[in-house]
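Next up is one chain by itself, shown in structure tokens, the form predicted alone.
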């Protein structure tokens, strides 16, 4: 949250005798608050659009479906509800694939276009943008805010500051509430909140997210991106000279100089008129003309600022533009399909997506697992028949208790199911176990191991069913 601190380059022949190639970078040490200027433009509009997706976070949990919360991550009962779909711990592998999908998407986008996630989708960026917008509405433009910060405390300053922080705290509180209700029923949570009947865990979560949002978005701002966020470091190993990012065209812009001759530049002067508009709009205080830096979050706001200046002085746009270092330095520009690392990311992404689609299509409302008794493998009954014992585990993924009946397909001629005479009650959202015996005449048994398929189906809706194939074991023939 400071103005950039310039570092003078080390000279060759110094004590170390080594030139510091990054000495020209500026470092934001958080000594003073950055009051970034807001300018209209296509990237600012795009930023507003992408940040608006966070409205889903605020209001998505209030969506109801069939009388219940449509999206509920019920950790206490180990269930994820997504409309009519219920994901239980047995299906957690799909959640793992989803996390892999999101990670690979992030990596692939970063390898192509650097930190566009940070600039357009990151919650820290979005909340800081919202908080500074509110700050601008209450305290005025950047110059007025700087003067207000430096002014002595008086009634007007106290009124503005208190009003601003009150709104910040209300947004932070709503953020904490919005986070919590993704894990509990939203209406029940609000009822408990109003009646001061929240659990200790809910209170702790609410306080943590309220204070976290207030401090990170209101005070730390870009310092969280610079010093706390690990992705700022990780992205450095994902980007290379082919990665597209906001870049200043040095060949076209240098040497810099102020406007002369009634608003025109002199012949030997570059297009950059040193107006500092690109620096003033940067939310992290980066001067993009010094090259790519850790503080750049690839938001493109400096492009809007520079293009507006180029339009005013009659010069072509693109002095600052999204470009790769190879393009700016005149090296051959590779196409996306020639970027092997990106295609590795995309391949993993597609495999994860395919796994998720397969899992969703085979999720079902009932799952069945049948385990044959191993000790003993079979029992010879007094009438000479052979009997096997099976333990059934039926998982009911619906929100209602079900009664299921057990059937068999295949197996041995004349076999009998013992223990399936009455439907079995299966509790909702959990697995239930019961025992079934299969008895078959020995004279009908042709081999030592015979495949047998069991089927459980809803007594009220036979279309809701699950199958499992196992084996019937008999004495050696």
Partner chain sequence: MSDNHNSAGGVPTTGHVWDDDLADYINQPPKWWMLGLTASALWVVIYWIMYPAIPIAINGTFFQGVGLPGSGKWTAIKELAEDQKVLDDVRGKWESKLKDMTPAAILADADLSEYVTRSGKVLFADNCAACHGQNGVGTEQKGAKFAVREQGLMAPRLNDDDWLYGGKVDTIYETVAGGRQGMMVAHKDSLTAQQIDDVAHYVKAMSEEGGKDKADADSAVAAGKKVFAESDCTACHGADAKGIQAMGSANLTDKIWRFDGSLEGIKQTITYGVNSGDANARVAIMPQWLKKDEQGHVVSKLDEVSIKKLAVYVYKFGGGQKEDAPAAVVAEAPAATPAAK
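Predicted model only: the values in this text are computed from it and were never measured. Whichever C-alpha set is largest while still superposing within 1.5 Å between the two forms counts as the rigid core. Positions refer to the first chain, counted from 1.
Separately, the form predicted in complex with the partner chain exists; it is not shown, and the next lines address it.
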Report task. Go through 415-423, 51-59, 445-453, 31-39 and give me the stretch that gets within 4.5 Å of the partner chain in the predicted bound form, heavy atoms only. Result -> 415-423
Requested in this report: With heavy atoms only and a cut-off of 4.5 Å, decide whether residue 380 touches the partner chain in the predicted bound form.
Outcome: yes
Query raised in the report: Can residue 437 be called a contact residue for the partner chain in the predicted bound form at 4.5 Å between heavy atoms?
Result: yes
Query raised in the report: Can you check whether residue 369 is within 4.5 Å of the partner chain in the predicted bound form, heavy atom basis?
Result: no
Query raised in the report: Quick one: is residue 375 in contact with the partner chain in the predicted bound form, heavy atoms, 4.5 Å cut-off?
Result: yes
Report summary line: the partner chain in the predicted bound form has a heavy atom of only one listed residue within 4.5 Å, and of 293, 324, 132, 387 that residue is 387
Query raised in the report: Superposing on the rigid core, does the Cα of residue 290 end up 2 Å or more away between this form and the one not shown?
Result: no
Query raised in the report: Using the core for the fit, does the CA position of residue 420 change by 2 Å or more between this form and the one not shown?
Result: yes
